[in-house]
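Next up: just one chain, as structure tokens, the form predicted on its own.
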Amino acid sequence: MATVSANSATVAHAAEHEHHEPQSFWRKYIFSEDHKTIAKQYLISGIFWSIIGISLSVMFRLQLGFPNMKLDFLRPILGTWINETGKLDPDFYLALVTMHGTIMVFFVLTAGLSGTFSNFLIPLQVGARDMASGFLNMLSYWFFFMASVLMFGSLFIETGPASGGWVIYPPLSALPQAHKGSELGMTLWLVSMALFIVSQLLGGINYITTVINLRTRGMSFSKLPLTIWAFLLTAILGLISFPVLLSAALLLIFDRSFGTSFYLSEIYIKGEALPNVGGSPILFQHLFWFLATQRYI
């Protein structure tokens, strides 16, 4: 009887400590640290970006598939990006291709899908109450949200969004004067991608720590579901590859804004030589495709 009473007291004491104060709307649904709520935030953001990405794809594929088709019905939406002949402006066509690739590869497939299912399933399938760090998890989403705001805002600037291709090879992307899409739109693209990469690194650290340290008692690595193995290996590859892409983006920002020459060498514009010497655009390709070979090939 004494043992039963002691156990009942222990359970009551634990239940008392597990009682949480009611949370405000902002704390419960906006700045939440709950893995399920954060998964829903990633899901909603991913759906939004998939709609944007598909819409951009439809626009340039209409032009590509029906080259003689007049697109004046898009003028209320695109304004001057529909030229006097009723076709997409060539600069804007390149921007549509660039932004579609960026959105679908990074913001939908990487953040939308991985962020949603990793957050939702990892704690449930390893027997953890939540992620290893709820605060880090919340920061991961909000870095992604800030990246989304900058990338979405770049669609509406006067000179247009980035249009150097989703691989943004220099020197086209490194010289603001090279092209309309290499001006403010490219700067916003690079800053957005830097924030996006920080988001993915924070999330990856959380996923790995949760799987390694918060597995329920008796769940060895050999007993992990294949889904969790996929999330774990994806997160490890992300931690290996994303810092390389971040360095590539930061060096490109330096070349654009601070006069460095990591990717620029002996460039002439309208017959005038730029002061940049010693760089190599191939360096950017090595850094960028290190990410791609690690994660997507």
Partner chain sequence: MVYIVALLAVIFLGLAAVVVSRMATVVKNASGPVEEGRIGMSNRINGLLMVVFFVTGLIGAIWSFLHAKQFFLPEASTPHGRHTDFLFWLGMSIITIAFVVTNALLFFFAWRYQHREGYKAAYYPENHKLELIWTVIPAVVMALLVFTGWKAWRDIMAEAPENAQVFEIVGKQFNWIARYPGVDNNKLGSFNYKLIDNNNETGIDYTDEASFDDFVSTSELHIPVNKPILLKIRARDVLHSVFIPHLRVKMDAVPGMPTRFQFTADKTTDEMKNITGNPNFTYEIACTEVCGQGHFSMRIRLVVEDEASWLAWCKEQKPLLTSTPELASRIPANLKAKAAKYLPADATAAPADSVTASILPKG
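Residue numbers count along the first chain shown, from 1. None of these values were measured; they are calculated from a predicted model.
This protein has a second form, the form predicted together with its partner chain, left out of what is shown; the following refers to that one.
**Q** Contact check in the predicted bound form: Leu175, Ile269 and Gln285 versus its partner chain, with a cutoff of 4.5 Å between any heavy atoms. Do all three pass?
**A** Answer is yes for this spot.
**Q** Could you tell me which one of Pro123, Pro171, Gly204, Gly112 places a heavy atom within 4.5 Å of its partner chain in the predicted bound form?
**A** Only one listed residue qualifies here, and that residue is Pro171.
**Q** State the residue from Ser50, Ser265, Thr260, Ser247 whose non-hydrogen atoms include one within 4.5 Å of its partner chain in the predicted bound form.
**A** Contact check passes for Ser265.
**Q** Looking at 205 to 213, 142 to 150, 128 to 136, 177 to 185, which stretch has residues with any non-hydrogen atom within 4.5 Å of its partner chain in the predicted bound form?
**A** Going through the listed ranges, the match is 177 to 185.
**Q** Evaluate Phe66 for contact with its partner chain in the predicted bound form, applying a 4.5 angstroms cut-off between non-hydrogen atoms, and reply yes or no.
**A** Phe66: contacts its partner chain in the predicted bound form.
**Q** Taking heavy atoms and a 4.5 Å cut-off, does Leu62 contact its partner chain in the predicted bound form?
**A** Yes, Leu62 is a contact residue.
**Q** Do Pro90 and its partner chain share at least one heavy atom pair within 4.5 Å in the predicted bound form?
**A** So Pro90 counts as contacting its partner chain.
**Q** Is Leu195 close to its partner chain in the predicted bound form, meaning a heavy atom pair under 4.5 Å apart or at it?
**A** Contact with its partner chain, no.
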